[in-house]
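Coming up is one lone chain in structure tokens, specifically the form predicted alone.
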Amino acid sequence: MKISIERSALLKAVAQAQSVVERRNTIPILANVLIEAEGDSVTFRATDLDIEVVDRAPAMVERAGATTVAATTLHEIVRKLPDGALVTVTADPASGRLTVETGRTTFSLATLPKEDFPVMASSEYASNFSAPAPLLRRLFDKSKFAVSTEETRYYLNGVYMHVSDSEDGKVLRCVATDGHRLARIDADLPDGAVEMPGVIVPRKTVGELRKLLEDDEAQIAVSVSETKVRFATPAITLTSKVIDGTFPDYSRVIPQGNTRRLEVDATEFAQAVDRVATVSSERSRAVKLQLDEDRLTLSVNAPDSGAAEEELAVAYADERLEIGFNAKYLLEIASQVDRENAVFMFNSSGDPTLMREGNDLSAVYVVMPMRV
């Protein structure tokens, strides 16, 4: 195999591949990227056996062929090459080496045979549809902060993507929760998605998927089966196993009877929470919200380190309420708000609180209070 390829195209493809590769693994071939050159393009394939990414890049292919090489090492090399360089990559099966050359710089890397590389079996997808990148980006970006990192509740270690009913008809919905907070985001249902089975997309896959969704103009081809999900652009295909488990009935957690309504400037609120939380002890990070007519007082009282208090002018016309929250959860939820105002709906100091963006019901957040 011998190819010549632009450094920028090579870097983009190898960066995507090496981020999938597990740093520590017992199977040496899983640390490698499979490079296949044919026609006028080269593909880079990497997998950790749960996720597989295939990235295509244009190249001048002098000799077709395939080999595998350490993904992280190749990425480091390409990253340090000068901008605009034309890189020549040559694989010599006889010596088992891969040579990377540009200008006066030459690297020689050990390879492993391509036959050993595990390729994820393609499955029959029950549902295939196309969705604009900004739609998917909003669904996953706004929900992923609530994904649980607790391995014992593995069915919460991802974003639940499914078709659901809303007041305006059927929607494509993403939900994530860790038991302390919940995010439920709706988007218009793309054509052809109505039969899609609900799947839990793993946390790592959600992180990798973000790179496919950068281009606002891109259309993402989405394929879903009971066991796998695939997202593809013309250049990149990301295939992932889904979490084998049942996502809990999240609708029971979303409070319906909360009537105390607070409206506050989302940016001002986030900044104030951040300021007063500076003195709180790392462990609890508790912030108390005291609500009076059109006034919100945020306070933290940490016996070891000090106290802080800040007042905000808000829209609130219900009876007085004191309620405490984990500062980190409040900050994460407030940072999801795209429009000016955040609306909080409270019931009592011991009940879950609902938050949404102004009057927009397509994004709903729930956060559990804590004793302060």
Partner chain sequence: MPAFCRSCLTRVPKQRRCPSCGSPRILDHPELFDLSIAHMDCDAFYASVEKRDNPELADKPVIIGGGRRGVVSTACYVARIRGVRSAMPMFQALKLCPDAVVIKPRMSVYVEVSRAIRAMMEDLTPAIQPLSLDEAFLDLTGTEKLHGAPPAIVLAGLVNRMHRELGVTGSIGLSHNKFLAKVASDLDKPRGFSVIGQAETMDFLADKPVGLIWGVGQASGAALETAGIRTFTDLRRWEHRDLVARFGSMGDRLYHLARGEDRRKVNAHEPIKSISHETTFFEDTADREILDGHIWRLAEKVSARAKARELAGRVVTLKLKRADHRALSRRVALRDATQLADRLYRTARGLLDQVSDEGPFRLIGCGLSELCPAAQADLSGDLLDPQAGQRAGAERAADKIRARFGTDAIVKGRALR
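Residue numbers count along the first chain shown, from 1. This is a predicted model, so every value here is computed, not measured.
Just so it is clear, the following notes concern the form predicted in complex with its partner chain, a form of the same protein that is not shown.
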property: Of 173, 288, 181, 142, the one that lies within 4.5 Å of its partner chain in the predicted bound form (heavy atoms); result: 181
property: Listed residue (253, 135, 218, 112) with a non-hydrogen atom within 4.5 angstroms of its partner chain in the predicted bound form; result: 253
property: Heavy atom of each of 131, 190 and 192 within 4.5 Å of its partner chain in the predicted bound form; result: no
property: 4.5 Å heavy atom contact, residue 96 to its partner chain in the predicted bound form; result: no
property: 4.5 angstroms heavy atom contact with its partner chain in the predicted bound form for residue 154; result: yes
property: Partner contact for residue 118 in the predicted bound form: its partner chain, 4.5 angstroms, heavy atom; result: no
property: Distance check, residue 245 to its partner chain in the predicted bound form, heavy atom within 4.5 Å; result: no
property: Residue stretch of 154-162, 72-80, 289-297, 233-241 approaching its partner chain in the predicted bound form, non-hydrogen atom distance within 4.5 Å; result: 154-162
property: Its partner chain in the predicted bound form - contacting residues of 311-348, heavy atom within 4.5 Å; result: 329
